[in-house]
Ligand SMILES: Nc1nc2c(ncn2[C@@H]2O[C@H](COP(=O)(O)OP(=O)(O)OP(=O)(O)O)[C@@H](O)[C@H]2O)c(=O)[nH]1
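Here's a solo chain for you in structure tokens, the form predicted on its own.
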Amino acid sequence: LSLDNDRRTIHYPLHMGGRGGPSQGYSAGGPHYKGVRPLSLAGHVGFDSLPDQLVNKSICQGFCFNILCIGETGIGKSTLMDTLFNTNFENFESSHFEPQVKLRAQTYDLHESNVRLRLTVVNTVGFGDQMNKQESYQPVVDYIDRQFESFLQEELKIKRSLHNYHDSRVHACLYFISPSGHSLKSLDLVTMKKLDSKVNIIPVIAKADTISKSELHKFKIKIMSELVSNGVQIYQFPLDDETVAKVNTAMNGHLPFAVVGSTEEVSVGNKMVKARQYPWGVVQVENESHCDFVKLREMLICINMEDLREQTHTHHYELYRRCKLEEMGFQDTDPECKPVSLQQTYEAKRQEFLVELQKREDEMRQMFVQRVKLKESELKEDERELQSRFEQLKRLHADEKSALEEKKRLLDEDQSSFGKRRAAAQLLQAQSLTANGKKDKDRKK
């Protein structure tokens, strides 16, 4: 393979694929492809400006970063967020008597120099305050899955708008551990185990100024051993980039970070620093001998923010996407390990759906026929019952009618005999009156 400096064309020898053509399997994707050889250019071409183009494009578009803060009420989540980004976010006080865990997401637009960052802080309200601890971590799991599902639905649309879509997937989870100095709570282990495949977990020991240095060192060792023994995978700072491999290796040894948050400024010497004032002294937030706040800020924001975003997309979201599509029946290969296109999968699922639909339709039709027959039998039975009751009532009516006619006949006979007796009585009375009249006349004579 040689480069003609005058014509700027690439020539292929015959042994690499015939008359001036590339050999089979050749690709110009980079030196890791088979058959690709490095070439030296005779002059400036200009693709060395690609990093600058990416930087300019990223500055114009801006960045988004989403942080999930998990911890008990009053452990210092809001204070640490204010201290991390050197601002005052909108905070709401919450009590220990929340009936269930609620996730409150607030989005802010931050500007530093000419870089714009859309930051979303998700806070867990009432975490760990319920009697049933399952009610504490389940809303967190559901929230993360909803954000993955929302992004997946946007990807599956015909008309996608991912360029201006607000990515709400959680990129980093700061898990606040209570500074007890003994061991992790069962709720902490269960919650982190449920979340380690869904989000990048960075454990932090909150209010680290409440325990001594020796106790803090033992507590860190205890926490890491419990996480390893329980199979909890926390986020490890990447070591593949040589420029940050050394510092990330050192920082991985400091996990979990013991932090102190404060937005109040205290005079120390000739300058004002963020610190917490106590009767026995001052705890400086940005003093690395006092706490690990600077380490956390450097690792989370200055060095590994883009890796957190990339890990969320390429690892956690891809795992959710793959499981979701497999549940829906999509596969990359058929039983014979041959590639299957999306169209084939769609047609297969469509045919399967139509067969299932026809099957259900037949079942519903048969069920409908059975119900109609059952209803007809019930109606016929009711009809026979009504007919029998009608015949019975008809017989009763006939019997009552005959009895009534018999009574009427007897009443007519009584009435006739009564009329005859009355006529006879009247005749006798008339005869007696006539006889009495004749006697009176004869007496007068």
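Predicted model only: the values in this text are computed from it and were never measured. In this text, residue numbers run from 1 along the sequence as written.
In what follows, reference is made to the form predicted together with the ligand, a form of this protein that is not presented.
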query: Heavy atom within 4.5 Å of the ligand in the predicted bound form - the one residue of 297, 316, 194, 276 that qualifies; finding: 276
query: Interface residue in the predicted bound form among 109, 93, 242, 327, criterion: non-hydrogen atom within 4.5 angstroms of the ligand; finding: 93
query: Listed range touching the ligand, judged in the predicted bound form by heavy atoms within 4.5 Å, from 347-355, 255-263, 234-242, 149-157; finding: 255-263
query: Exercise: residue 184 in contact with the ligand in the predicted bound form, heavy atom 4.5 Å; finding: no
query: In the predicted bound form, residue 117 touching the ligand (heavy atom, 4.5 Å); finding: no
query: Touches the ligand in the predicted bound form: residue 281 (any heavy atom, 4.5 Å); finding: no
query: The ligand contact in the predicted bound form: residue 321, any heavy atom under 4.5 Å; finding: no
query: Stretch 192-213 - residues with a heavy atom within 4.5 Å of the ligand in the predicted bound form; finding: 207, 209, 210
